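There is one chain below, alone, in structure tokens, taken in the form predicted alone.
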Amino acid sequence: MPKDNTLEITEDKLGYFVQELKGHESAEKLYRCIQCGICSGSCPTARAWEVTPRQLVRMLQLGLKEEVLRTEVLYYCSQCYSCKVRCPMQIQLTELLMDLRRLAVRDGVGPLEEQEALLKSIRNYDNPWMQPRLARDRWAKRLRIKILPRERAKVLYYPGCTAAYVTSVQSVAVNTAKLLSHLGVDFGILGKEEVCCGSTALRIGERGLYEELAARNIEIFNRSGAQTIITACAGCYGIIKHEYPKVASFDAEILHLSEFLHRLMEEGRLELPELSIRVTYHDPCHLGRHGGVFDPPRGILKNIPGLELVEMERNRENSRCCGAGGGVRTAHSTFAQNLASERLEEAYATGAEALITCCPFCENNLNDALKARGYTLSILDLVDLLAKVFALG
């Protein structure tokens, strides 16, 4: 029987994606894939894809453009980085998916209709929630907070769109500001000049819109004069820390709020009162696997007298994704809730009274699943828990 040459990996086939993906390091590593299937086994959303991640890589190897650039293939990835941290050949499939979505948007194949509405909101209102720009700092009206850059402060707090606009998690922004004030931190916010970090746009494939937003934020970051920029949102943190430097340079240190508070604790500036409660901790994908921030939130929790921290079966690098990221919640809300329910089952099995996380987007999705399933479990952001500890009201 003659050999079927259509299944050979050749330079001209593989070359298409290497060229189109602008020399992306992992595109050039595609030939290394040994088809072990670890990426598919690690993927929380693979069951919904028309092809598995392993099959996608094989299609990329064969240069099957028409088969790859389809919404049924590209838009179920939650950008959770599970495949990336487990791949024995170090193929960065999460980043590749972002770039493949860029090609899909460029060629008019994506994004999905629901995601296009979200992008339209970002273009028109600088946020994905279809809320007016002038309402961006409404959460801060009753608080005395410096507005940068017209005022000066050492620390810039960037709340991000979800905590600024979504009432169910707005306590994250309010309690972050109250806690920073309580601890005597010299901080401010950008007020109405803040715009979306662009994470959603980048992960859906609208790179041009993302770069525009990133450039605007970087410009005002530099004008603010702040030495440190902190955010309580894992998505904002991941994109500003790891992706913004590819757009333009800025000098400020980028920290997640948990890192900043843990540093204060180590310096003796954060003394934690007692709170008797049993909790478990959910690692947000963009803070944990993407950012490598696992110990600071746990360090804070373990130093609260009377608090008992119990880990879920899957934690740290192996933490289960909540299902909300990468545009999945926007386009496939029922599926995103199902994934969140699986995470809640793990949390419930620990016997914890509360599930603590460090991402308003995770909290939002987990809470939606909680209401739908009726679990007797509280879901709190770390900063909301600390507001209880310090009785900030």
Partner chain sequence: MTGKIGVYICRCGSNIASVIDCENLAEYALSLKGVKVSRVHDYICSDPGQEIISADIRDKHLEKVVIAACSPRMHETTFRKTLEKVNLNGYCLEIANLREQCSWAHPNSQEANAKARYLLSSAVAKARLLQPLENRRVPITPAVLVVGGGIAGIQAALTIAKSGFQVYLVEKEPSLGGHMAQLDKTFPTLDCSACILTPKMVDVARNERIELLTYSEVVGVEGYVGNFKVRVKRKPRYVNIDKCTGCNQCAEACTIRNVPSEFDVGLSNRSAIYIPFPQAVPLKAVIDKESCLFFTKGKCKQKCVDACEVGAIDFQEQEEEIELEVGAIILATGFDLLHPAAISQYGYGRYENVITGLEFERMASPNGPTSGRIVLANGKEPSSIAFLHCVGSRDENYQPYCSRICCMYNTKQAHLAREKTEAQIYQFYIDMMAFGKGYQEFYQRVRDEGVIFTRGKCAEVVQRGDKLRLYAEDTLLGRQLQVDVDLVVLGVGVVPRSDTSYLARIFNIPQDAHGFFLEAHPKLRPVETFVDGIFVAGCCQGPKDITDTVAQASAAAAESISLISTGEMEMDGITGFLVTEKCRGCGFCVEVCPSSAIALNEMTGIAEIKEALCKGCGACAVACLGGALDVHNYTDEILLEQVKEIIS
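Everything numeric in this text was worked out from a predicted model, so none of it was measured. Numbering follows the first chain given and starts at 1.
One more form of this protein exists, namely the form predicted in complex with the partner chain; it is left out here, but the text below deals with it.
Residue contact with the partner chain in the predicted complex: residue 52 places a heavy atom within 4.5 Å of it. Heavy atoms of residue 337 never reach within 4.5 Å of the partner chain in the predicted complex, leaving it off the interface. With a 4.5 Å cutoff on heavy atoms, residue 116 does not count as touching the partner chain in the predicted complex; it lies far away.
In the predicted complex, residue 333 stays away from the partner chain, with no heavy atom inside 4.5 Å. In terms of contact with the partner chain in the predicted complex, the residue from 90, 124, 168, 303 that brings a heavy atom within 4.5 Å is 90.
When you look in the predicted complex, the only residue of 43, 344, 328, 57 with a non-hydrogen atom within 4.5 Å of the partner chain is 43. Note that among 228-236, 311-319, 200-208, 253-261, the stretch whose heavy atoms approach the partner chain to within 4.5 Å in the predicted complex is 311-319.
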